[in-house]
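Just the one chain here, laid out as structure tokens, in the form predicted alone.
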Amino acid sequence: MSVDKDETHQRLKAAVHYTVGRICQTVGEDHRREFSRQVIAAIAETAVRQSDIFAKDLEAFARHAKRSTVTPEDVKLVARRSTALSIYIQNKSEELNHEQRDLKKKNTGKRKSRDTDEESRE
């Protein structure tokens, strides 16, 4: 790993560690529990390692399909082993598709009204 990549990786690990700590603090407050620093570090390290595995799998799926871009279908494929994650990703994907369709309809409506305005001016 080059110096820039190593530095970026360390910064990302630190950000994950910080975020895991904050989540543990919030959950701990809600349930009157405390998380030790070792537990927080273990959760953060697990999250970073799993993210690395996901990233490599996503790259492999896209490469296998002779694409350079990872698609939502690749993400769904990565999540297939975790039912809860798979359902969450499927729901998010459908949400995003609905939002994109709504935006397209909205933009199409604006274009039609602009075309009508331009025709009426002429």
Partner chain sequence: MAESDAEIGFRKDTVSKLLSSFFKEDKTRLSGDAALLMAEMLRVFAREAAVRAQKQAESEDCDRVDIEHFEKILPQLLLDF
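A quick note: this is a predicted structure, and the numbers were derived from the prediction, not measured. Positions refer to the first chain, counted from 1. Here the rigid core means the biggest group of C-alpha atoms that line up within 1.5 Å when the two forms are laid on top of each other.
The same protein has a further form, the form predicted together with the partner chain, not shown here; the description that follows concerns it.
For residue 107, no non-hydrogen atom is located within 4.5 Å of the partner chain in the model of the complex, even though that partner is not displayed. Taking the partner from the other structure, the partner chain in the model of the complex has no heavy atom within 4.5 Å of any heavy atom of residue 65. The closest heavy atom approach of residue 87 to the partner chain in the model of the complex falls outside 4.5 Å. Interface residues of 46-84, taken as those with a heavy atom within 4.5 Å of the partner chain in the model of the complex (partner not displayed): 46, 47, 48, 50, 51, 52, 54, 55, 56, 58, 59, 63, 68, 69, 70, 71, 72, 75, 78, 79, 81, 82, in sequence order. After superposing the rigid core, the C-alpha of residue 11 moves by less than 2 Å between the shown form and the other one.
With the core held fixed, residue 83 shows a CA shift of 2 Å or greater between the shown form and the other one. In the core-superposed comparison between the shown form and the other one, residue 97 has its Cα shifted by at least 2 Å.
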